[in-house]
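Listed next as structure tokens is one chain, alone, in the form predicted on its own.
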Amino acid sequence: MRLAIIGAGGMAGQHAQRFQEIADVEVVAVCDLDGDKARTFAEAHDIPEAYADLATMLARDDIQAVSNATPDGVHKATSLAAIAAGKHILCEKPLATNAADAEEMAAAAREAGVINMVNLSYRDAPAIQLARELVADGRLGRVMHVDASYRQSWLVSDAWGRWDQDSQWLWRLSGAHGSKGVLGDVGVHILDFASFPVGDIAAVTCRLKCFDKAPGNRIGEYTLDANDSALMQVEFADGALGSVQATRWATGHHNSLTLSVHGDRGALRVDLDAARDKVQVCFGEDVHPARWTELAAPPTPSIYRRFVDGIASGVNDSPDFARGAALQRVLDACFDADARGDVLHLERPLA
């Protein structure tokens, strides 16, 4: 299968590497509006052709699929162009910047009959797949409470580079550059991480905050106005309550995802920092002394492999564009809830 990459930024490099590791895939082209950037990327990743015009690349009949690693704000335009050209597509998350656009993309992919997936890459962790099985098998009983968090610290740590000097980080802090803040960037991951095992989210409240980070909250062309901490309270379709958080200010955590699910017969915990293939559980008689044990999760294929297999079989795997649109509806509800500002401020805060 011949595949092309749209976008030549940081995530595009990950896409190139992961697809090139699959024996039956050939990455044959990359496109970026910045032609020099596309050519540099192509040389770095041993890709034969580089383009600055997307239509020209998509016109190639020998390209069956594309991997869309563009910034969030252009996912819609670039994905719809690829779908119209009949290309199977893996798109970076979030699928779009609002639910209406995401639903339009999902409908276009469905009508075109192309394999479509959203790169919610933490589905690759064997632990979250096992967690879903345990909940579905009733090992926890009725799920009552959920806690989920995605903690990053690149606003206080230079482990990933200098955020205040690098465009790949600065654009994520700027609404004018297409960013929906930490909620859109990684909040979509943790909402999927929490709801994939537990079920659909039916109601949400949310508080977002953008902290001051620079004089006038501006660095060069970037106005730093996108949220960088998000706190959500959710209710799942089956009635369970949950707290979900995402932040870029979690000092001491580079990139940490955790999930706890508590039912009336048992509980489970997933901590991807501790292990991607282990689930801690508390079942049966262990509930009374609150004793936890560890289960090993069997290996699972990556989303890149599953995307390729879906093209070969003609069967669309998950998460597809419809799932991306469903998550975007939750994100939109979070923004709406925060905008309403239903917060009770205490007249006399606790000392």
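Computed from a predicted model, the values in this text were never measured in an experiment. Residue numbers here begin at 1 and follow the sequence given.
Beyond what is shown, the protein has a form predicted in complex with a small molecule; the following relates to that form.
Listed stretches are 33-41, 58-66, 279-287, 309-317; the contact stretch with the small molecule in the predicted bound form is 33-41, by a heavy atom cutoff of 4.5 Å. In the predicted bound form, the small molecule lies farther than 4.5 Å from every heavy atom of Glu103.
A residue is said to contact a partner when one of its heavy atoms sits within 4.5 Å of a partner heavy atom; Met11 meets this definition for the small molecule in the predicted bound form. The small molecule in the predicted bound form comes within 4.5 Å of no heavy atom belonging to Ile219. Proximity of Pro94 to the small molecule in the predicted bound form falls within the 4.5 Å heavy atom cutoff.
Put simply, of Lys180, Arg123, His88, His75 only one has a heavy atom within 4.5 Å of the small molecule in the predicted bound form, and it is His75.
Comment: the small molecule is not present in this chain, but in the predicted bound form one of Arg207, His262, His189, Arg151 has a heavy atom within 4.5 Å of it, namely His189.
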